[in-house]
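Only one chain is given next, in structure tokens, and it is the form predicted alone.
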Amino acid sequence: MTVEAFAPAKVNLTLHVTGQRPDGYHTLDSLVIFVDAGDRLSFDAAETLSLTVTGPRADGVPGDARNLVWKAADLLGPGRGAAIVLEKHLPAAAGIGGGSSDAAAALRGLARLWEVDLPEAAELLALGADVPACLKPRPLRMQGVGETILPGPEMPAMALVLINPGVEVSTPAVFKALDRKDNPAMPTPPGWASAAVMAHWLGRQRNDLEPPALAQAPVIGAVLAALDDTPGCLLARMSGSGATCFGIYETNEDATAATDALRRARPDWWVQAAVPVSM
């Protein structure tokens, strides 16, 4: 039996850095959604564990114990075997949770293959702060260092455009460069009647990592400006620690038109239209 799993991209609509613990980890308050752009995994029974990485974004992605997919398998079933194929479509180190979502998808797929229960969210922090949020993709509010997962509001109909300009941004360097680390938390998301109303509310919130990431990779500013210039863009913002940015649109038609125009203008960028998903 072959088991398949989808690893959707994670988009931080907001990301408020609210503090830093004595152990150095930062506390966050973030509104998160997942979209239908992502990686795909398949799992087959085998005596030993193996990982094959394929797809258009496979270059540079390790196929051994360095990969979070492998680490997730070891956490879920130490000593168990499976033949795993990871088909990479998302850029790496891009602020959209590619590795974390891959690890969470591996946990979901292997739990079915091996007929075992999924771990508790707190156990998954060993794999990374974003993995608990990625385990059950749906709109959510992520707090603390990633261990506190609260239901998010019902999202209005909308479409997004994701852009990665092909530069990697160092997450530790971005956090280190923050001007302050005790910023105000996010107010409770109220739910919205339309994408335009939501974008207006989001515009009063923040991604506190955007300014230091922009200083590290000025091309992020060009990406945000390019999104802002497309017809129908309601909000342009960076996701996570960058360098991927997103634009929000009312309709799929607006997002598709923007994607086509941006791909023509910047063929060196990764540009992808997407819509939110829940799993």
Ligand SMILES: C[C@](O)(CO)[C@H](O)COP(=O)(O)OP(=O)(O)OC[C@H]1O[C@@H](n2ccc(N)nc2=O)[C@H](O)[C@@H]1O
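Since the model is a prediction, treat every value here as computed from it, not as a measurement. In this text, residue numbers run from 1 along the sequence as written.
What follows is about the form predicted in complex with the ligand, which we do not show.
Participant: Taking heavy atoms and a 4.5 Å cut-off, does Gly128 contact the ligand in the predicted bound form?
Facilitator: Gly128 belongs to the contact set for the ligand.
Participant: Would you please decide whether Ser194 lies within 4.5 angstroms of the ligand in the predicted bound form, comparing each non-hydrogen atom pair?
Facilitator: No, no contact at 4.5 Å.
Participant: Contact between Trp201 and the ligand in the predicted bound form at 4.5 Å, heavy atoms?
Facilitator: No, Trp201 stays farther than 4.5 Å from the ligand in the predicted bound form.
Participant: Answer for Ile248 alone: is it within 4.5 Å of the ligand in the predicted bound form, judged on heavy atom distances?
Facilitator: Output for Ile248 is no: heavy atoms all beyond 4.5 Å of the ligand.
Participant: For a quick test of understanding: in the predicted bound form, does each of Val145, Thr171 and Leu209 have a heavy atom within 4.5 Å of the ligand?
Facilitator: Result yes, every residue of the spot touches the ligand.
Participant: At 4.5 Å between heavy atoms, only one of the stretches 42-50, 238-246, 225-233, 211-219 reaches the ligand in the predicted bound form; which one is it?
Facilitator: Contact-bearing stretch, as computed: 238-246.
Participant: Counting only non-hydrogen atoms and a 4.5 Å cut-off, give the residues of 87-118 close to the ligand in the predicted bound form.
Facilitator: Heavy-atom contacts to the ligand in the predicted bound form: only Ser100.
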